[in-house]
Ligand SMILES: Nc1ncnc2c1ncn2[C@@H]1O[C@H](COP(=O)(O)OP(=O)(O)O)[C@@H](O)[C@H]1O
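Encoded as structure tokens, the following chain is the form predicted alone, with no partner shown.
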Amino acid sequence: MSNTFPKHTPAEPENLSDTTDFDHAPVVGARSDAFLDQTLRPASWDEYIGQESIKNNLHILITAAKERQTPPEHILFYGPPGLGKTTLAHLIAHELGGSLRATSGPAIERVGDLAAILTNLQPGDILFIDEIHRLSRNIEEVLYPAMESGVLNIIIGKGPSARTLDLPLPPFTMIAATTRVADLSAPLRSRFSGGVFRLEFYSEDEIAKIVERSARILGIETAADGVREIARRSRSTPRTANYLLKRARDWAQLKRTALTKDAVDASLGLLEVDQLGLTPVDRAILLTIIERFHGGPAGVSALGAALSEEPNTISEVHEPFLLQLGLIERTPRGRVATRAAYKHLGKKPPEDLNERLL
């Protein structure tokens, strides 16, 4: 589609060595694509599976903006990592026919960095800022008039001789993504007038469709039960599903077999990813609560000390998935393992478990 905006010029693991000769294993030719993950990224709305409500709202926003021949208003996506925020930004840019200029919050360290990015935009471009919650407040202040009025305010000089230079910016759309929307200031959130959208976790059926599509792109021979097993262990996240698929592909390639459930069980057994998608650290957290803290409650700092892990790593990386599966509960006194956790680990729950969960 042509751009509507005028352009300026510029299971158990097996012993692989029993059947595979690594010294004479076939060498895979170099891929034409630069990065495999980018190859697996959906290139059209039809290929993007899930997030139906967000896609419907974006369709209305983009279609109306194209009819008016104006850029859509600024958009914010938030949610856990790996759910497709960056992919949505690429699809919007493709739909509008503009270029996607991507950066991240930590990369914009000075006001001059932001000024350089904004002044190099072309009409109709999409500015994508990932992890926008990590922008400094000084840079946010410069971003407000750029988003609201299309003007870049630059202060030249210091003291009484200082003056403000207003540079007009070309019409553009800013798309931002964050995993921590609460860390954004209220003034910045309010300027995303195109919509603030929360990406949800995917269902097992949606993940299975994503795995099937990725397998076709990678040229992997799959069985339905193998695809379903990867989907079951993917933590409801497409990025994790593609990671598990690629690792299972490696195992199946060396074993000269299709990607069946047995192959997935064996390959993911090497990664120690169990039937629920729990990693060794996830299971260690549950076992520590059950065995060392007698089922809980246990504070996150105490868990971090017992596991030699940073408390933030436990609370931000591992705990959300354990809560999602109902394996732990947060109480005013700390984390408590649920009956589901005891059952998954083959442990007997204490008789007063219901009282601890209160």
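For the two forms, the rigid core is made up of the largest set of C-alpha atoms that agree within 1.5 Å on superposition. In this text, residue numbers run from 1 along the sequence as written. Treat the numbers as computed from the prediction; the structure is a model and nothing was measured.
Same protein, other form: the form predicted together with the ligand, not shown, and the subject of what follows.
Note on contacts: among T222, S236, N242, S267, the single residue with a heavy atom within 4.5 Å of the ligand in the model of the complex is N242.
When you look in the model of the complex, the only residue of I290, I314, I49, L61 with a non-hydrogen atom within 4.5 Å of the ligand is I49. Within 4.5 Å of any heavy atom of the ligand in the model of the complex lies no heavy atom of L143. Contact annotation for I210: at least one heavy atom lies within 4.5 Å of the ligand in the model of the complex.
In the model of the complex, at least one heavy atom of L83 sits within 4.5 Å of the ligand.
Put simply, T87 is close to the ligand in the model of the complex: some heavy atom of it is within 4.5 Å. Picking from 40-48, 62-70, 319-327, 301-309 the stretch near the ligand in the model of the complex, with a 4.5 Å limit on heavy atoms, gives 40-48. The partner is not shown here, and in the model of the complex the stretch 316-349 never reaches within 4.5 angstroms of the ligand through any heavy atom.
A displacement of less than 2 angstroms separates the C-alpha positions of E52 between this form and the one not shown, with the rigid core held in common. After superposition on the rigid core, the Cα of V317 moves by 2 Å or more between this form and the one not shown.
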